[in-house]
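Before any questions on how it binds or moves, here is one chain, the form predicted alone, in structure tokens.
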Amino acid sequence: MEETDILVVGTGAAGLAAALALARAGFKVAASGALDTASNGRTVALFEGSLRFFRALGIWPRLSDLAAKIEAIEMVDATGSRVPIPKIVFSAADVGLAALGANIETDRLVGRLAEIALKTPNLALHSELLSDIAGGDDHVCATFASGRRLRAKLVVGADGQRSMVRAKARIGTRRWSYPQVALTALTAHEKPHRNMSIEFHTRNGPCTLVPLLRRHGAEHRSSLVWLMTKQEAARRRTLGADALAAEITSEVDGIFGAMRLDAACGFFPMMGMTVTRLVGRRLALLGEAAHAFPPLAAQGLNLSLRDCAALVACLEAARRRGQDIGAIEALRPYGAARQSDIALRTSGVDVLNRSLLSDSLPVEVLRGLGSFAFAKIAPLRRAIIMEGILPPQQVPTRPARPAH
């Protein structure tokens, strides 16, 4: 039977990032799961904290050629509110940065992380799916669909919202749904995006365009995340590419001129999820195995990468103390460290989304007052920017160094 220090189950962006960070911290790591590199219109906006995480691992130079800069985020109210709600612009210049972050197509990011993982010492990457997992006193035994078995001191569940690792550990979840579906798409358009993300707030939720890199035949490109009713999503699924592109152009007031679809689209029901605990005996959860919410304010993967950074810090501390890295006593600090950040992002996104869906006058007044404060009070706007892109959480600022 093979043995390793840590088994990471799940090879999406969060799982691969965790595996890379743990291997570069000196742990022997195996990562297993089917790579999802299908194009479905999804991208990830990585904010400054996440870029620092990748820089600390020494891998950002191998990712940066995939990334389009986000220098500003503009929020436009399109709800028809009875209360005037001013436009808000969050700019990197407000906080002394060259950019707030970078946007990368999800399938390309996962593919590149997998390439890096295959060349990383201490890291074995497998495409096998987990079929069973059982815990022992001093190890976990994982069985894969191929029949291969592996013993590990710790299992990291990064296997998404339907996590088998979480289910096997009998960790409970709280789930809720929204009356919305997100359309994700890559678009090409006539006018430049000027490295600005634009978010239209509508009564059905946000419709957001985020800069993408140019490519041959498409000088100006942006990714789209458009939240809409389930009924409208069902109708738009039936539209041809030209008709759907025309509706997208109309929804964003033609700000970039005529738009066209640049790849396959995706439709995703909106839901939220939290877990009752992040750790168990020889188990830690991260990414969408631990939390999920609508794609507002681009918090999803950024939150997951902070999970990765906090877990590495926790396990490095346990190793320095001579602790068993799979012991619950060694893992509890990770759960404690992540609790408030996850709760803040989950509740913040939920409140923002529900406020857009509400036509209550008091809610409109509160939105108007908040938007006016953000637009007019520079110190408050700077504080909000920093909380969004570089929160005071555990993010490494130097490469992890293995113990000797």
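Keep in mind it's a predicted model, so treat the numbers as computed, not measured. One rule holds for the numbers: they count along the sequence shown, beginning at 1.
Separately, the form predicted in complex with a small molecule exists; it is not shown, and the next lines address it.
Trainee: Which residue among 295, 326, 211, 206 has a heavy atom within 4.5 angstroms of the small molecule in the predicted complex?
Mentor: Comparing distances to the small molecule in the predicted complex, the residue within 4.5 Å is 295.
Trainee: Which residue among 30, 44, 67, 57 has a heavy atom within 4.5 angstroms of the small molecule in the predicted complex?
Mentor: Among 30, 44, 67, 57, a heavy atom within 4.5 Å of the small molecule in the predicted complex occurs only for 44.
Trainee: Given that the small molecule is not shown alongside this chain, does residue 159 nevertheless sit within 4.5 Å of it in the predicted complex, heavy atom to heavy atom?
Mentor: Residue-level check for residue 159: yes, a contact with the small molecule.
Trainee: Does any heavy atom of residue 287 come within 4.5 Å of a heavy atom of the small molecule in the predicted complex?
Mentor: Taking the distances in the predicted complex, the answer for residue 287 is yes, it comes within 4.5 Å of the small molecule.
Trainee: Is residue 268 close to the small molecule in the predicted complex, meaning a heavy atom pair under 4.5 Å apart or at it?
Mentor: Looking in the predicted complex, residue contacts with the small molecule include residue 268, since a heavy atom lies within 4.5 Å.
Trainee: Though only this chain appears here, would residue 155 touch the small molecule in the predicted complex if you measure heavy atom gaps against 4.5 Å?
Mentor: Residue 155: no contact with the small molecule in the predicted complex.
Trainee: I need the one stretch from 299 to 307, 75 to 83, 214 to 222, 146 to 154 whose residues put non-hydrogen atoms within 4.5 angstroms of the small molecule in the predicted complex.
Mentor: Within 4.5 Å of the partner lies stretch 299 to 307.
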